[in-house]
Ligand SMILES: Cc1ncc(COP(=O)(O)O)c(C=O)c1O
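Shown here is one chain on its own, the form predicted on its own, set out as structure tokens.
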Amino acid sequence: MTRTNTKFDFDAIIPRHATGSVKWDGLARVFGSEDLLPLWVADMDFPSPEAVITKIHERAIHPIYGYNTQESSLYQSIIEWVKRRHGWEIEKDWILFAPGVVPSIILSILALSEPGDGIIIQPPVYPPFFASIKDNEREVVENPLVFKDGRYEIDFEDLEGKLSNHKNKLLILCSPHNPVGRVWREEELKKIYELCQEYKVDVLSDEIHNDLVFDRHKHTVFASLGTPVCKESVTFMAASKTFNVAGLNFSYIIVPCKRRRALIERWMQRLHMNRNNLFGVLATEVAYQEGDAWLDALLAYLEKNADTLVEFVRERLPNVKVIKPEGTYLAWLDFRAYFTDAKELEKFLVHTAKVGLNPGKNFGSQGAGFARINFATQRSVLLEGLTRIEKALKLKTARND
């Protein structure tokens, strides 16, 4: 499908300073400097769809913001969205609501494993995966991705070895993958499914970026594999990344297996996590009901940004390596031709280039020498950030000559 952007203006710059934005107002706390262009934390610099903004305005006018119910229309909007956008038919009873994907992953770890159990992840990968495991007295078991023929692949031989160890109870799958931008092919997911079935390892599938997939690629929901579904899986989704409403703290968990669902619900009750953000609920429902055209336009803009980034790096930063992501709005920049020390790279980006990127080392030891850039911003802002890096690298090269 070829997407066009004729209705929505993603080039308009909307100031975010002094709005309580972690991305913009948290620079001094995170990087030690406010004088940076922020291209880091995974939210977008674009306004949410007009339908979402209008719905929140309408509800905000009412002066009472008490506990809210979960209406059947919310469930239906999720069911219809997942079927329409991903071809997966789910049932209302499978859906649990939560304040975010990371808390949902932690709930599932607590419910489906025991202290001391091994949990497999595939670094370089989203940093909270590590903390979710370690902070809950489980063991991180790494199945590192391998770089082969110009892209990252799963090391299935190593994965099978890790799955065959009876101490390892869960695999956390990042699909699409953050930060390397892979959209796993159906045959890759089927191989994971078959191995996990063989060794009786449950899969926790973080699919928060599932809607953000570019042309010529297709997201396959892991749980849609099997007959009729993979009951040994838990799927995490949200409208937060897709429609830029992460600050409204609302997500959902899809658990086809009644027993596993009951175990997760029990932990929700223990932790009193059975209340959800009023505005997050409203935003999700209306976005799923009315957001298709906006999302298609967004995807066209994001893919053009990805192409712009890749072209800039190849033409003007020839010793920096990048692979065009297949999905997400995140790209993985390889600075190892310039830096062998992760701290030196971080210092260079902050103090010389004056850009805020996510340090690669936070994604696991495999990320040393890398940085993650968020290109979900106005194209002019993206080009400004890349130009800052270009000038800083030229300065570094001149000093070394």
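All residue numbers refer to positions in the sequence shown, first residue = 1. Note that the structure is predicted; figures quoted are calculated from it, not measured.
There is another form of the same protein, the form predicted in complex with this ligand; it is not shown, and what comes next is about it.
*Asks:* Exactly one residue in Glu326, Asp211, Glu285, Asp206 has a non-hydrogen atom within 4.5 Å of this ligand in the predicted bound form; which is it?
*Replies:* In short, Asp206.
*Asks:* Please identify the residue among Gly100, Pro144, Pro256, Gly118 with any heavy atom within 4.5 Å of this ligand in the predicted bound form.
*Replies:* Partner contact (heavy atom, 4.5 Å) among the options: Gly100.
*Asks:* May I ask whether His86, Leu189 and Phe222 all come within 4.5 angstroms of this ligand in the predicted bound form, judged by heavy atoms?
*Replies:* No residue of the spot touches this ligand in the predicted bound form.
*Asks:* Out of 289 to 297, 102 to 110, 73 to 81, 189 to 197, where are the residues with a heavy atom within 4.5 Å of this ligand in the predicted bound form?
*Replies:* Every other range fails; the passing one is 102 to 110.
*Asks:* Is there a heavy atom of Trp184 no more than 4.5 Å from a heavy atom of this ligand in the predicted bound form?
*Replies:* Contact with this ligand, no.
*Asks:* If we define contact as a non-hydrogen atom of the residue within 4.5 angstroms of the partner, is Tyr126 a contact of this ligand in the predicted bound form?
*Replies:* Yes, Tyr126 sits close enough to this ligand in the predicted bound form that at least one of its heavy atoms falls within 4.5 Å.
*Asks:* Even though this ligand is not shown here, does Asn276 get within 4.5 Å of it in the predicted bound form, heavy atoms only?
*Replies:* Because no heavy atom of Asn276 falls inside 4.5 Å of this ligand in the predicted bound form, the answer is no.
*Asks:* Leu302: heavy atom within 4.5 Å of this ligand in the predicted bound form?
*Replies:* No, no contact at 4.5 Å.
*Asks:* Using a 4.5 Å heavy atom cutoff, which residues in 37 to 64 contact this ligand in the predicted bound form? It's fine if the answer is none.
*Replies:* Contacting residue: only Ala42.
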